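Just one chain follows, in the form predicted on its own, and it is written as structure tokens.
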């Protein structure tokens, strides 16, 4: 075994990792799925959605930001953590206006897929139905539906770190927090392009490309036949 190899446990399973890896990355390599929404390959860890919360040596931590360490004990599939994640997913649904049956992202939506994986047929919390969520369809190739935004910051980080443009940023605080663009008016006034990575990384239907709606029919989409995380679990050692 390499002197740089770190050994630890996830739910009693021995996992080997490299120095500097996060718990989430090491789990992925080992074929153990830890749910996530803000995490995305190629983007620095962010830790905002907390869907990836695990317990490490008895303390709650976000798996996407927590580095591995020798001998740590990670809990991932306990009923306590599963209920914690269900509650977060529930709240994300009621804090926005999500109409899955009309959304072009249905079947490819990670929030929807997590709800299916966790057996959520309908949220248990009262719907907020925010009235100030607008749709910006000013750009010829892209539109933003703020009703579906879950504030994961993927678009913010991708535009900054991958596209080098800084098109998106957060404005406001608390219930008034939202995604805004780096222009005085609308998306059309920015330098975003349909080929930008920021357009592709949204886990829900908040940022979508125009002119390609339902090119892939419902029933043939990514999560229509296999649950989210199935690709990771297929590599279980």
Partner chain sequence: MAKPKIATTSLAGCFGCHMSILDIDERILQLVELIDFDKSPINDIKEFTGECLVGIVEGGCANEENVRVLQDFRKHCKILVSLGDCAINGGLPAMRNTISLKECLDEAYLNGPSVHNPSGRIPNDPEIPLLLDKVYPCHEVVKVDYYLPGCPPTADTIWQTLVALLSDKPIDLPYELVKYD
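Predicted model only: the values in this text are computed from it and were never measured. Numbering follows the first chain given and starts at 1.
The next section is about a form of this same protein that is not shown, the form predicted in complex with its partner chain.
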Where does its partner chain sit in the model of the complex: which of 135 to 143, 110 to 118, 161 to 169, 70 to 78, heavy atoms within 4.5 Å? 110 to 118
Any non-hydrogen atom of residue 100 within 4.5 angstroms of its partner chain in the model of the complex: yes
Heavy atom of residue 221 within 4.5 Å of its partner chain in the model of the complex: yes
Is it the case that residue 19, even though its partner is missing from this view, gets within 4.5 Å of its partner chain in the model of the complex, heavy atoms only? no
Does any heavy atom of residue 11 come within 4.5 Å of a heavy atom of its partner chain in the model of the complex? no
